[in-house]
Ligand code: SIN
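Taking the form predicted alone, here's one chain by itself in structure tokens.
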Amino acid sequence: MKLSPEQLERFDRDGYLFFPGLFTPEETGRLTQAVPELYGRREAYNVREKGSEAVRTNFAAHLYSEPFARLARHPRMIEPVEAIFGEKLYMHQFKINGKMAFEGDVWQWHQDYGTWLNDDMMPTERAMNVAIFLDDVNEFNGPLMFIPGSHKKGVVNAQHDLTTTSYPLWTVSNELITQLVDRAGGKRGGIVSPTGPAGSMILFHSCLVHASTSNLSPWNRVSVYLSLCAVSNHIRRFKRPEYIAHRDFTPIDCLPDDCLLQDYPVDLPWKSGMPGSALVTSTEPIATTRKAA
């Protein structure tokens, strides 16, 4: 999948691109069918909502689930980012976010790169998210909200919020959010919220400031996020568990475009269980001469 000059220009200006219905119902159905079993596991990689059994985030499914291992190598998700960065990518993070009906909590205003910089010592913002909707997303079930052009500010001041939700984030203050929204157009486009059918895809810059509200509707809003990083920009610290911030910097090789519909063989290193080493962390930087695994 190649981006046009117009799309590249729009991405540079706004910090995101939206592709409604890019994946077919059959393709997304293969993924959706696998989610309940993954969410039902009592494992560290399933982070649940505060005071609830609802899964907020499932991490690293591409290491133990065949459908998601194939998605992690899908050319529609990988190739546009490779083109933007001009080099091969590795998987920094893989998550299935479950904004579940009535129980899905907020994601505070934040930049993803703020967390990747502060926690993982990722050198620069040469990383980004590519998301695919597994459910229809509307204005009621907690859609993503972006501040267009906010990525142009680079890394902004953030505070480590350890209490609001069950998952810690480096969050942006209300004052700065107000300034960024005003700068982006205020009530006339200062906040945008892409909505669309299951199978839609969003590509967004790691410095784009974004958030989502709680889901008070009766409709789930499950989405998969591939956090893709340029291999040369790999993280320099293993402060977080490996299921959250991956330590294998091997470049991703894409499968054929029909990989969600065909049973191409994929490696599942955690199929028999997450290794104990995935929980080992350190606050010390790794050697910068470390090569890709």
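In this text, residue numbers run from 1 along the sequence as written. All values derive from a computational prediction rather than experimental measurement.
There is another form of this protein, the form predicted in complex with succinic acid (SIN), and it is not shown here; the text below is about that form.
A.B. asks: Given the stretches 71-79, 107-115, 157-165, 172-180, which is the single one in contact with succinic acid (SIN) in the predicted bound form, using a heavy atom cutoff of 4.5 Å?
C.D. replies: Looking at the partner contacts, the answer comes out as 107-115.
A.B. asks: Is residue 144 close enough to succinic acid (SIN) in the predicted bound form to count, meaning some heavy atom within 4.5 Å?
C.D. replies: The answer is yes: residue 144 has a heavy atom within 4.5 Å of succinic acid (SIN).
A.B. asks: Residue 220 near succinic acid (SIN) in the predicted bound form, any heavy atom under 4.5 Å?
C.D. replies: Residue-level check for residue 220: no, no contact with succinic acid (SIN).
A.B. asks: Answer for residue 150 alone: is it within 4.5 Å of succinic acid (SIN) in the predicted bound form, judged on heavy atom distances?
C.D. replies: Taking the distances in the predicted bound form, the answer for residue 150 is no, it never comes within 4.5 Å of succinic acid (SIN).
A.B. asks: Heavy atom to heavy atom, is residue 97 within 4.5 Å of succinic acid (SIN) in the predicted bound form?
C.D. replies: Result yes; residue 97 sits at the interface with succinic acid (SIN) in the predicted bound form.
A.B. asks: Can you pick the one in 64, 225, 238, 249 that has a heavy atom within 4.5 Å of succinic acid (SIN) in the predicted bound form?
C.D. replies: Result of the distance check: 225.
A.B. asks: Taking heavy atoms and a 4.5 Å limit, what residues of 208-222 are near succinic acid (SIN) in the predicted bound form?
C.D. replies: Result: 210, 212, 221.
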